[in-house]
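One chain comes next, on its own, written as structure tokens: the form predicted on its own.
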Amino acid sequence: MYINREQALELKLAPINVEVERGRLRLFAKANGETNPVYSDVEAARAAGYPDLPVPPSFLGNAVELDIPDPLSWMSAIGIDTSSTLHGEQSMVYHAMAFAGDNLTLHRRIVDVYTKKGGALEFAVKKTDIMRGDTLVAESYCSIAVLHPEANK
């Protein structure tokens, strides 16, 4: 089943509030092989001039959403069968640094739906504005590819 583009673009996703925790940042740094101590040691971060552990840039992609109960609910809300998806692309635009202890609000919405390969691949693009109060910290774009093998028959 293909995504109804108009309904997807009009879908209202509730904002999500996330507190950035030191433990999550340390685990993320370890999982990514980050050895710079500013990402895992508060004293090293403060010695480098940061107020606390800085949030690694890639953490603000989808990793920041992993604490919510159903981070993929936006896909089912627009009719995507998650068993037939691939991660398509991810990009970020950074405006400000974030740190452990920050309370961030994620404002998510679907900004595009399109097909390629004669309809065999359908893409849904989600944009997330990551805010700290009134400050835009980053914009995250996530593309999910939905496979439609029936399109080539």
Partner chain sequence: MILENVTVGTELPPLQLEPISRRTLALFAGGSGDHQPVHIDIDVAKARGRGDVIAHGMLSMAYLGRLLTNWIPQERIRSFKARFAAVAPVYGEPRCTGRVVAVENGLATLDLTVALADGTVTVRGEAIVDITPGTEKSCGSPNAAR
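Only a predicted model underlies this, so the values are computations on that prediction, with no experimental measurement involved. Numbering follows the first chain given and starts at 1.
As for the form predicted together with the partner chain, it is not shown, yet the points below apply to it.
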| property | result |
| --- | --- |
| is_contact(Thr105, the partner chain) in the predicted bound form, heavy atom dist at most 4.5 Å | no |
| Contact test in the predicted bound form: Thr115 vs the partner chain, heavy atoms, 4.5 Å | no |
| Contact of Val55 with the partner chain in the predicted bound form (heavy atom, 4.5 Å) | yes |
| Contact test in the predicted bound form: Ala96 vs the partner chain, heavy atoms, 4.5 Å | yes |
| Triplet Ala48, Gly61 and Ser91 all within 4.5 Å of the partner chain in the predicted bound form via a heavy atom | yes |
| Option touching the partner chain, based on a heavy atom within 4.5 Å in the predicted bound form, out of Val111, Val42, Leu86, Ala120 | Leu86 |
| In the predicted bound form, residues of 17-45 near the partner chain [heavy atom within 4.5 Å] | Arg24, Leu27, Phe28, Lys30, Ala31, Asn32, Gly33, Glu34, Tyr39 |
